[in-house]
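Presented below, as structure tokens, is a lone chain in the form predicted alone.
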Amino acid sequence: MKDTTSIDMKENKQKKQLIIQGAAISSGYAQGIIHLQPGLLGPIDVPVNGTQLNVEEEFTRLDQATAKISNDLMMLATQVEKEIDTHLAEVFGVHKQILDDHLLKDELRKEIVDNLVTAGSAVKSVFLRWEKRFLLMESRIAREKGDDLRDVSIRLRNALAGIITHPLEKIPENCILVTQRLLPSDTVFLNSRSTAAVLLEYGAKGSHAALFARQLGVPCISEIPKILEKLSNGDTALVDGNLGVLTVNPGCKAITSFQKTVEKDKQIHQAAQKRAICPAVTLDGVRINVNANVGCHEDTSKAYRNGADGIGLYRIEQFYIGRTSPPSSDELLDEMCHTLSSVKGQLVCVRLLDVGADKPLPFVGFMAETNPALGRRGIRFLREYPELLYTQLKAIISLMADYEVQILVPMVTMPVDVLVVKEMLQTVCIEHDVSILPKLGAMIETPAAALSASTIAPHVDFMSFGSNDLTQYAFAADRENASVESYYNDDADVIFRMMELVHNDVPDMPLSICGELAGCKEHIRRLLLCGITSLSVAAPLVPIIKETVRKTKIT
């Protein structure tokens, strides 16, 4: 917990205690002083000098501002990669792609010419049109793209107006920041100002703000309507980021209870951390592997420090997204070796490239799809571009000298999906004099895969449940679609029944799980009863999940 202030009891007695329930999007506890920050997303008016507008001059100003912002984004990406997380640095790579979009550039110039407006006005109008297109879509991914557009728009308009400071540069250190919404560029300042917690009116659990907050360890609560009207500067507050509960101007009783909760949570995590390196064995003597999900070097380092038994899910998408050409097998191998350097000799399960129409690659020309969740994702995409699959397999087998390598095939629906990979893997191994093939696994993310487990089993060595996608396909509810959010329930009986069905159909098949469900303490026993012997979770969760396993009896 970030304890940022000694709360003045006399002052608190003069104010009425207020308890607000919001949505928990980044866990943790904090107490401190509230700082209201309105206007982060407000319009920026660029003054026009004189009545005569020179179109060519506006073109030049636009080009110069674009070049400056492009350079700033590269520097920002480098800073985030170094100080926070490689995966999150990709956000600013996406922003640079937006700046470089030829359609957008053409529309900006057309706006200046057709309406005889300044570059700043053109940016405001054109970006607003593009942003609205995304915000009108149901998908959360599309809505977050609207946030990206707004972020780039504000940066560009600031540059055109000669504004070089950011409002969050001057917020008090260790405060509880209150604002309507945070954009990716805003969240970078949370780290530099040691922000205790963040309270938002808007922000989904999958938003960039939430991702940054979680990576920084900053508690965050969202979905608090009219938040700037409900709170006042200087109010004291208690933030429970686990439950999404905010207590404003707490009394002595509330403070005491809060501090006891924080202390108890701290003791539990300290005890778990001390035993993190030890194996996780159930009360009835069953060894359960607790691995980590990783995507960059820092993730892997955290996995090692937190006692992970291995890497249960290694995501390689960051090496592809944002590039103008795909990495060669040597480039991919270099990146992998760097990422995995702290876990040599351990199990590493590499998931093949899991992209599709919802995560386009600039160097692959394919049409956008109406429903990317039901389109060319995972292995479906790789079957269409076998040269990408070949490059990955070649790099992966080169890891076998230093790691216990496994390969995981995403978005399996039919046996042929793994057969394609197995045949190419055999070819690559023969070409490179590799006599022992790495173990091959199928991700069970679709009901069809769960129901076909017995026909997929002869072609794989293990299976891994991707509970996030399995849930969305089981309920026909896009997990990025806010309008069907109530249908998306990853701990529903139907999900566990599908896992049990797989275990019953292939009782000797090693089963693992790498979705969000694996990191939920309350569901560990039920997962183990489904025959799962390996859990893969976010690195910081490894100690507490191991401790939960040790307190579980499954026979």
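Numbers for residues come from their place in the sequence shown, where the first is 1. A quick note: this is a predicted structure, and the numbers were derived from the prediction, not measured.
Missing here is the form predicted together with a small molecule; even so, the following discussion is about that form.
> So in the predicted bound form, does any heavy atom of residue 315 sit within 4.5 Å of the small molecule?
Residue 315: contacts the small molecule in the predicted bound form.
> Using 4.5 Å between non-hydrogen atoms, is residue 152 touching the small molecule in the predicted bound form?
Looking in the predicted bound form, residue contacts with the small molecule do not include residue 152, since no heavy atom lies within 4.5 Å.
> Given that the small molecule is not shown alongside this chain, does residue 377 nevertheless sit within 4.5 Å of it in the predicted bound form, heavy atom to heavy atom?
Contact check for residue 377: yes, within 4.5 Å of the small molecule in the predicted bound form.
> Would residue 502 count as a contact of the small molecule in the predicted bound form, using a 4.5 angstroms cut-off between non-hydrogen atoms?
Residue 502: no, not in contact with the small molecule in the predicted bound form.
> Please name which of the stretches 114-122, 303-311, 421-429, 462-470 has residues with heavy atoms lying within 4.5 Å of the small molecule in the predicted bound form.
Result of the contact check: 462-470.
> Which of 246, 218, 443, 393 has a heavy atom within 4.5 Å of the small molecule in the predicted bound form?
It is 443.
> To verify the annotation, which of these, 354, 335, 235, 148, has a non-hydrogen atom within 4.5 Å of the small molecule in the predicted bound form?
By the 4.5 Å criterion, the partner-contacting residue is 354.
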